[in-house]
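Laid out below as structure tokens are two forms of one and the same protein chain, each shown alone and named structure 1 and structure 2.
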Structure 1
């Protein structure tokens, strides 16, 4: 909720603008009507026979013809007007006037009222529009426009540290900062230098925002939150002005925590290119650095920034006195996930036999946000089911939704499409089962979900901290298993494999250019903007293609040897839409063999 001061600043120009617009819109037609009427001089209307008799005598000074309207000016100055629609009749009178040697004037048609109004409103509206754009530009340059929000959430949603689970190390690291904010003078007396800038690095949804907010709450100080992207604007200098304004506000309410979400939007390496957008971003970043350097021991402001790309940040940002403390927020392990689930299970009715530890084990790689979403989805499913409490089946359904997307109801594929989809998915399953190092196959389905026609779901059996080369190769082969089955069993190719191919190529490219797992040796392309030689890029492409070709060949070999098992799985899929892991193993006549690590 913006503070009252914030609101008044925003409101007043807006009210003034609306007022001006209304006035202009009302005034424009009135002005137009007045002008129109001034142009039409009072004249007496006469009929054709009167006109004819006038034309015969010689008291006329001038005749004006405007379309089918004839205006006769008498020698005494009075005006008479007749409308003569017939062309022949008009010619007749004009002939008469000519004989009497009365001067005749032809005039262009005068525009009607509507046209007049229209032609006057265009310049007025243009004027108003130019004024409005100018006002917008001016106000956003001074950094006081409505599109920039820095929200002070000190008195809403009091998140405590207890509600942030599974990230104990990060919490411990923030402890010192909280001490400092609670009692800044004490820190100064002891000569301690409390961290002023903290960088929270971690994947989206790992709880970085939550941590910062909880820290503010623990320290009982206000929390100012902005998004890094809100410093990017089309007008030059706006970003820098917003930074100034943000810190002016922070100084006013300090001690406080300023939280900049996704700082990579403004903190990218400077001087990348000479275009004006990047020059403006550099200026914004410089302003941020200036503000942070200006902190003295008496200003008790702590800036916490979050990013999931710490590698692309400008190095000046992480120098001493700026964001000199980096805290990595990792994905939680099984025990951490259980703790996070406990936080989000509060207030929900769970079946007594539903074990949070079981859920935690089945959700490796899930972020805090995904776990929160899982519990929420499960609760919704349980309500839809009219169940008293949330049980395993609701959790399973919610997890399927999160991993595979929602089922598309009422969407029917024809038999050919279903068959092709079943073959494609069975190909993934066959290769996934044959691969010794990949993730176990959990479920396969040919019910269209989200954007996909079918889904093969594999679930890591444990938290993977280290990904070996063999694991990545198995992943690529499994992804290409769908295409392999199409090629060999259907003698065709479908566009449905495009996402599989995209993901496979992405893994292969990272193996070559980041992990050094190719004949090119340990090279790293990284995220840097340093130009690389074309030869190197070509060699990377070649090595990537070689991995893909090799894995596709492997997948094809598996499909050939498992042809019978694939056929069994395909008919089961056509019959039931979804097949789970036990039935899959039955088709392939396999038992759950322990996997190599």
Structure 2
């Protein structure tokens, strides 16, 4: 009857292989030593003088020479061994034996103990290595390798729903499913069942994985977590085997939650290509569809998946019965951002007068991950300044670094380029202040940041869920304000406006081809691979060019009107490099007035 240790080794291929390798490593040198000792014959050690005396008499039956070692076999069968390192002395002794007509044999040098050990260890280790490679290949092809782990991580998460802020609707829907797993009779008394699957969709950094981690902590049921990319391997059929292995384990421990992170790596639309890689991925997806559709009504297995590309998922995967619910995790509004900031501000030393609501208002469009990065960058800036706490200036510096890039402190421009950059940025500011529907100008700088020589920063005063035509036109005009200032005030054009023109043309083209904000009416080009007539494309380009021309003319009119104010701002920029909103308004002799909606 096998012992418990033997049973454990038999159950685990990894343990069995490790045990075998250790045994081989121990046996190889032992075998080598035994063989070496068997090859060695017991003999008595003598010195050169004794050897010389023996050579002078006739009691020797055989002399064996192996390098500088001479072995003398006496007529009674005893062995005497002497080491003679001097070649001349060795030749003299051999000559004496020859004169006495004693048979002399020359043998090749016998390998030492270390050489013998190596000669026996290398084949054994080679055999073990080949066995290991074969075992790994078999394990990968059968889906049993250690690179794919579907372990229960419910006890390893330290995130609760209380620490997930800004996504209250998603928390409510996810919490309802968790409550179903905790108390099935409450929801099943009218014949209902738990959702088969929940798809968390949203932009990167909005907290999809964080929600899943909180669900793992709140569920009080086993939580199997895997990555969508972990199902792919170089061997065909591995992905499908791993899917079967995952759901087989889920059925054993149900009720449970299975979380697949970045499911778009696994659930892309089938039939994209005819190559073997796509065929294997389609086979993996087919297996996932079969497993999710084969749930027993009482199995209590819920699949939660996250993705930021729901548009590329296969329709069979997102239909009811597989992923019954699709929870969209949106960017947080101002109140949500404030709640997120409060979570990330825990453990940070903030100045008492620092208002998190002010930070939330000034970070529209920031995701939860970007807000966490903002607070971390502010903390690093405060440490660099040897400050005792994080203040408003550190938040400003961190936000500038994130939005505009790091300052290129070692970069220096000559005076002509600095003046041209100041005029360009002042043109942006002048048109931005004149635009009634645009975003307020927050700061302008001619310090090189990232790849730009100067930056004009606009911060929205509110979250814009719907952008009007007037707002987009003001954006285009503000972007072209730098080129307008170059043409009118410098009588030239620079390449620094290339990015502004690119962004302005992109907005104008979307106004024409997606939003229907042009004389062409409501048209939509759709996907880029859909063919369109050349006439329609030409009309779209003409309408786009007309919008750009009109807004450039508008920007030029503003620059001519505000020429003196622009000159004041240029002088201030050349003096200070960076000018904030209050000083900008003083240069243009304007007061801060509410913007039109």
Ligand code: ADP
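All figures in this text were calculated on a predicted structure; none of them were measured in a lab. By rigid core we mean the largest C-alpha set that fits within 1.5 Å across both forms. Positions refer to the first chain, counted from 1.
Structure 2, not structure 1, represents the form predicted alone. After superposing the rigid core, the Cα of residue 49 is displaced by 2 Å or more between the two structures. For residue 322, a C-alpha deviation of 2 angstroms or more is recorded between the two structures after rigid-core alignment. For residue 540, the Cα coordinates differ by under 2 angstroms between the two structures after the core has been superposed. Note on residue 305: its Cα is shifted 4.9 Å between the two structures, core used for superposition.
Core-superposed comparison between the two structures: residue 101 shows a Cα shift of 51.9 Å.
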